[in-house]
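Coming up is one lone chain in structure tokens, specifically the form predicted alone.
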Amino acid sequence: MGKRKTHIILFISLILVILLLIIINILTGSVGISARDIPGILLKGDKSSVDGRIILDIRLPRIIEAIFLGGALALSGYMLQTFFLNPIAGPYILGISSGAKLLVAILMVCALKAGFAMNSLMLVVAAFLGSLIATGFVLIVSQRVRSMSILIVCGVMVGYICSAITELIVTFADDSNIVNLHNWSLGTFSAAGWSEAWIYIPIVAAGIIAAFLMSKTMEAYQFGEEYAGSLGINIYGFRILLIIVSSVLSATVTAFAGPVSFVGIAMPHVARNLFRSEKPLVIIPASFLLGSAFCLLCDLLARSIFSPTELSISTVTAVFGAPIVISMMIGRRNENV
């Protein structure tokens, strides 16, 4: 079987897995819903029944958010790995998600104290600025050190510092609504709604389109800056565009779902191994689909394992994502020996 046919089968399989997870997520919850009622509710958009309101106003928006934001995070991780030419890079590991979380937390607390109503776009802008600040620090460090392991340690330290400051802000905030900030700071899809979907879906769609438009340049860049430069590629402009798109995607995830760990670093690695390819035209959609499926699965487990108590999404993604990252780092070490 040719490589192209194998890739097509794998893509179809991933889509089928996502569809299966969508059905399971719709059916699973504290309120049982008959599978026979689902087609009628979805096709008619009927909210007259309790089941209809649960599916259309609670479970479906949450599913859509997990699909788009999970895929966006995996795609952001892949673009960062391309930027640093290293598969260990990722928005959570490098502290970029934590920087976004810190600025969003500050904005939320200030808005709550001032009685100011925030909108979703403001959260995205704050998260983007926070991620750019953290990214700027990482870039400065990357210019001074050549070891990726030191860069990762610095990124982790940035993440710890930003998380500690965020926890201080949450702890000393005096507004009763701050409990929502606490839940968000741990990572969750529980606050998903249709009003937010109209904000993050266009942003994520634009990020996907931008990634595909840069795919040929990314493929050349993977062979090294000198090779890409010899083809007439503006390396400086490309790197800026790459980091901006990656930051926008990770910032969007953080703004709506909080920091979600290990998806951005683990899923591109799984995509490369599963598809046996390094081509951006293959790994871009593969990473997105795997990120979507992974977050759908983890969100299902987060809200069902200890139901009615719900775990944070990062707790579950870390349980499955961390071993993948560990095996990847061990594998790289063995290759270098």
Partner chain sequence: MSEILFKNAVIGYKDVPVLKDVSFTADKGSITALIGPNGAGKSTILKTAAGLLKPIDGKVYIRDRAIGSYSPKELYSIISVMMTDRVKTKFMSCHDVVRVGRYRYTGIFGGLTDNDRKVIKESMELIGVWELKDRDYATLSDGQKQRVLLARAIVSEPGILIMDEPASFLDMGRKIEFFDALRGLVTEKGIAVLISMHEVEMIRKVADKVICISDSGKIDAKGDAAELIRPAYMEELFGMKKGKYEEYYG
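Residue numbers count along the first chain shown, from 1. Everything numeric in this text was worked out from a predicted model, so none of it was measured.
One more form of this protein, predicted together with its partner chain, exists but is not displayed; see below.
My question is simply whether S195 lines the interface with its partner chain in the predicted bound form - judged by any non-hydrogen atom within 4.5 Å.
Flag for S195 set to no.
Determine whether any heavy atom of I233 comes within 4.5 Å of a heavy atom of its partner chain in the predicted bound form, and answer yes or no.
It does: once its partner chain is placed as it appears in the predicted bound form, I233 has a heavy atom within 4.5 Å of it.
Contact between V153 and its partner chain in the predicted bound form at 4.5 Å, heavy atoms?
Because no heavy atom of V153 falls inside 4.5 Å of its partner chain in the predicted bound form, the answer is no.
Is Y160 a contact residue for its partner chain in the predicted bound form, using a 4.5 Å heavy atom cut-off?
Residue-level check for Y160: no, no contact with its partner chain.
So if I measure heavy atom distances to its partner chain in the predicted bound form, which of the stretches 123 to 131, 259 to 267, 211 to 219, 88 to 96 falls within 4.5 Å?
Single hit among the candidates: 211 to 219.
So which of P202, G136, G237, G229 reaches within 4.5 angstroms of its partner chain in the predicted bound form, heavy atom to heavy atom?
The option sitting close enough to the partner is G229.
Relative to its partner chain in the predicted bound form, which residues of 273 to 310 have a heavy atom no more than 4.5 Å away?
Counting only heavy atoms within 4.5 Å of its partner chain in the predicted bound form, the contacting residues of 273 to 310 are N273, R276, S277, E278, K279, L281.
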